[in-house]
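Only one chain is included here, represented as structure tokens and corresponding to the form predicted on its own.
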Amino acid sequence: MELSIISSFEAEIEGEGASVVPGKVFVDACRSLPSGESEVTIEQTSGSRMVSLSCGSASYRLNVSTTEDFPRLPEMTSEGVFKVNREAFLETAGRVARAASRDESRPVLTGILVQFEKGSAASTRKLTMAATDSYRLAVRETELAGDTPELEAIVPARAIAELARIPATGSELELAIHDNHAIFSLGDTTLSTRRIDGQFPNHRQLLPEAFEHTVKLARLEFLDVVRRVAVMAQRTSPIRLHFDAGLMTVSAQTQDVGEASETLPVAFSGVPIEIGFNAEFLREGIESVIGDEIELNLINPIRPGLLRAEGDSFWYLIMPIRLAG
């Protein structure tokens, strides 16, 4: 009841009707139909409690449920519907989605905050999406052409992930935000999802006003080093970043497993600093940034670090792990 998808396509219909079939069995049967055959027949005779599915020499018969027991799904109406660029919407969501929580005990954090606001120019609108699991926060802002209402909603991250799997039939995505549901339409497919109630953290207030250190790194080189060293960051062990004059050392150690260390030249000066991060969260943050060069902004070992790239309206705030000793 939290997520629904309705899809339609052209077919030769000899009699109107409705059937409720077991989903997984039906999908598995369809996938198993003979390749090379172009026509599939679905049939249910009046009063029968079974549906037949046939294609070429293959045939199945499936038990059905009563249509009255199937829930009534939200439908896309003309009220409150507006259009956005599909690619821009999904690209924005894809940049922040990995920061959404998977802990169902805090429903608000399993969603993505979707905001439509006035843009920098009179003819533009700004789409902002944010996601957090309380250990990291990802925010992406995208300028949109055209007119959209000013609104915001918390949409389940799972729903937007499903939306990205729907084949594109055009460049535009239709959506409507209602009191209880968000509805998206792509061609002949409509996806609806329940909105998540609650107060999403104020992501603008969480961003520190200033940082003590800004370290610029070649993004792909930094990512490769983190991936290699993270092999030894097992269980809850952090990945450590130690900065000294002109040098960054990336290391990880797990008791009874082993340790790894690698150094990179960096433009760093001042008092040496060492900070620890969750290895997976750090890697995903670097992967989410787009650009050849990445900025790592730091305050001290117990304050969050910020990953971003110059000219990119995406930022990724990550909480540190307190290091022993």
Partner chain sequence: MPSTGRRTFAGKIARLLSTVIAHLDLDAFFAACEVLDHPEYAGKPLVVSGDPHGRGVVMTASYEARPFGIRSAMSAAEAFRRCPDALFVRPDIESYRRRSRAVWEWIRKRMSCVEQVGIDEGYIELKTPYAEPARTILADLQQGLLRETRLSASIGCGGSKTVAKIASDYRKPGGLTVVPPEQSAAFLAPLELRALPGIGPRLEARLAELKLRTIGDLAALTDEELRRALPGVVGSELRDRARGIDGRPVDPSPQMPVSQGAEETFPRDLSTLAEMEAWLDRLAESVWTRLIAHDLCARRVTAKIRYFDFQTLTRSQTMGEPFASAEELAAAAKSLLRRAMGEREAAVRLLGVYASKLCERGKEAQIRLPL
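Numbering follows the first chain given and starts at 1. Please read these numbers as outputs of a predicted model, since none were measured by experiment.
The same protein also exists as the form predicted together with the partner chain; that form is not shown, yet it is the one meant from here on.
For the chain shown alone, Leu206 is a contact residue for the partner chain in the predicted bound form, at least one non-hydrogen atom being within 4.5 angstroms. Taking the partner from the other structure, the partner chain in the predicted bound form has no heavy atom within 4.5 Å of any heavy atom of Phe26. At a distance threshold of 4.5 angstroms between non-hydrogen atoms, Leu306 is out of contact with the partner chain in the predicted bound form. At a distance threshold of 4.5 angstroms between non-hydrogen atoms, Ser288 is out of contact with the partner chain in the predicted bound form.
Taking the partner from elsewhere, every residue among Gln255, Asn278 and Ile321 has a non-hydrogen atom within 4.5 angstroms of the partner chain in the predicted bound form. Shown without its partner, this chain lists Ala97, Leu137, Val226, Val215 as candidates; in the predicted bound form, only Leu137 has a non-hydrogen atom within 4.5 angstroms of the partner chain. Note on contacts: among Arg72, Arg165, Lys118, Arg106, the single residue with a heavy atom within 4.5 Å of the partner chain in the predicted bound form is Arg106. Only one listed stretch (216-224, 178-186, 127-135, 82-90) carries heavy atoms within 4.5 Å of the partner chain in the predicted bound form, and that stretch is 127-135.
Interface residues of 49-70, taken as those with a heavy atom within 4.5 Å of the partner chain in the predicted bound form (partner not displayed), are absent.
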